[in-house]
Ligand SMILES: Cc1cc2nc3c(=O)[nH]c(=O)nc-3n(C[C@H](O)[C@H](O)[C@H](O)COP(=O)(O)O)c2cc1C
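The data below hold one chain only, encoded as structure tokens and taken in the form predicted alone.
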């Protein structure tokens, strides 16, 4: 199985999740290609069986470096006829989206639009989106945002329990796709 993990992380929350996915896949016998979005510009996503993409959410969207990456990839697939009317699935192409968020105002509702945005990109290029994983992360450098929101105290997250949940999901997904 040919796997790509792409992510962007400003504070380290999303990187922790990306690292956990990579380490889990390696333990399961798969060595993924592992890149930050700025290093993934030339990757043809269709050359992979499984693509993970991860980002934090900023104002209900992926951050600018991820938006730029997605827009550039959309342009590429438009030019190469990789986007078709009806968005037919390309057999054997699967994507997983992982989003980190602190949700200091409205909780997970702050993260789901970013996941939905990335899902639309993958569906447009024919990928089956197997999952969208949302992981709570600390809101760095703003104590009030990390302690008084609807999620309670998010300092230190994603923590070991959060990352173990990601590892379990990644391992289960790989077993399902290989079966």
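Positions refer to the first chain, counted from 1. Bear in mind the structure is a predicted one, so any value in this text is a computation, not a measurement.
There is also a form predicted together with the ligand; it is not shown, and the following applies to it.
Of the stretches 23-31, 36-44, 51-59, 118-126, only 51-59 has residues with a heavy atom within 4.5 Å of the ligand in the predicted bound form.
For residue 12, a non-hydrogen atom is located within 4.5 Å of the ligand in the predicted bound form, even though that partner is not displayed. Taking the partner from the other structure, the ligand in the predicted bound form has no heavy atom within 4.5 Å of any heavy atom of residue 82. Residues of 88-110 lying near the ligand in the predicted bound form, listed in sequence order, are 100, 101, 102, 103, 104, 110, the criterion being any heavy atom within 4.5 Å.
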